[in-house]
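Here's a solo chain for you in structure tokens, the form predicted on its own.
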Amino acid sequence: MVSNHQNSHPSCDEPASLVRTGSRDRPQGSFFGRRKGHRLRPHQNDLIAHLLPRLGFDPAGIGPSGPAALFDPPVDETRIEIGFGGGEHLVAEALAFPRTGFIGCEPYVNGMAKILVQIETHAIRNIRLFAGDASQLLACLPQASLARIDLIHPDPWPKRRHWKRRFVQDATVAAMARVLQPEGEFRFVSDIDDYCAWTLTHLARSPDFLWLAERTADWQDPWPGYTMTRYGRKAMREGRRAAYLRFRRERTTA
């Protein structure tokens, strides 16, 4: 997923590229992992070339009015989904909430191509796409400009030496707290017990977030209206049960 070195501080000035895959072309703070997989079909290549530039944006260009200004027609609030994969959850949310603006962050070219096909098919107008580092995007957003951040089945980076690559770190928790509105939410889904425990630990030591679970079902069952992703269905078939964690951004007290 996202680079989160403790010594790395993403900046709005750092460039981001969808198609540069060589390590020498990647800016500091870029995503780890593959950026391109199977060969794209001709129509997918056409969408990457012509539709993606209309939906993409430069985070450094987001002004004081916040990410809501990216959308036309206007939206009532803005959410982000980090690493949307095939786009099933993000597309379902955008269709269900047409007055909400959605920003999808995904470095994987094939995932971007898949969601572009769905956006075209359903004529979706309330999705914008960012192909770079989600930490960089958060750094460019004004304070309290998001209603929700979703992280659905992220790469768990299971080896200890790779834990620094997990998206959830103290620095990103602080970044999310800054950009979320009071009572906004961070939602996390994973079928990897270790990453769920890691996330709970990091969010529990933040004074800015409250875990919303009051009973076992609150984290064992998906929240109402949740759209199961292809990966989530595969995990269920293979006997892996996901945890569905919701954290509320607390109001700042004087």
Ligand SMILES: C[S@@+](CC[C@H](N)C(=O)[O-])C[C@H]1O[C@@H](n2cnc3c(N)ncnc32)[C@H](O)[C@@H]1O
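Don't overthink the numbering: it's just position in the shown sequence, from 1. Since the structure is predicted, the reported quantities are computational estimates derived from the model, not experimental observations.
Here the subject shifts to the form predicted in complex with the ligand, a form of this protein not shown in this document.
Chemist: Quick one: find which of 141 to 149, 102 to 110, 116 to 124, 174 to 182 has residues within 4.5 Å of the ligand in the predicted complex by heavy atom distance.
Modeler: Of the stretches listed, the one contacting the partner is 102 to 110.
Chemist: Is the gap between Glu77 and the ligand in the predicted complex 4.5 Å or less for some heavy atom pair?
Modeler: Residue-level check for Glu77: no, no contact with the ligand.
Chemist: With the cut-off set at 4.5 Å between non-hydrogen atoms, does Thr199 touch the ligand in the predicted complex?
Modeler: Answer no; every heavy atom of Thr199 is more than 4.5 Å from the ligand in the predicted complex.
Chemist: Is it the case that Tyr244, even though its partner is missing from this view, gets within 4.5 Å of the ligand in the predicted complex, heavy atoms only?
Modeler: Tyr244: no contact with the ligand in the predicted complex.
Chemist: Does the 4.5 Å heavy atom contact test between Ile82 and the ligand in the predicted complex come out positive?
Modeler: Heavy-atom contact with the ligand at 4.5 Å: present for Ile82.
Chemist: Counting only non-hydrogen atoms and a 4.5 Å cut-off, give the residues of 213 to 231 close to the ligand in the predicted complex.
Modeler: Stretch hits, in order: Thr229, Arg230, Tyr231.
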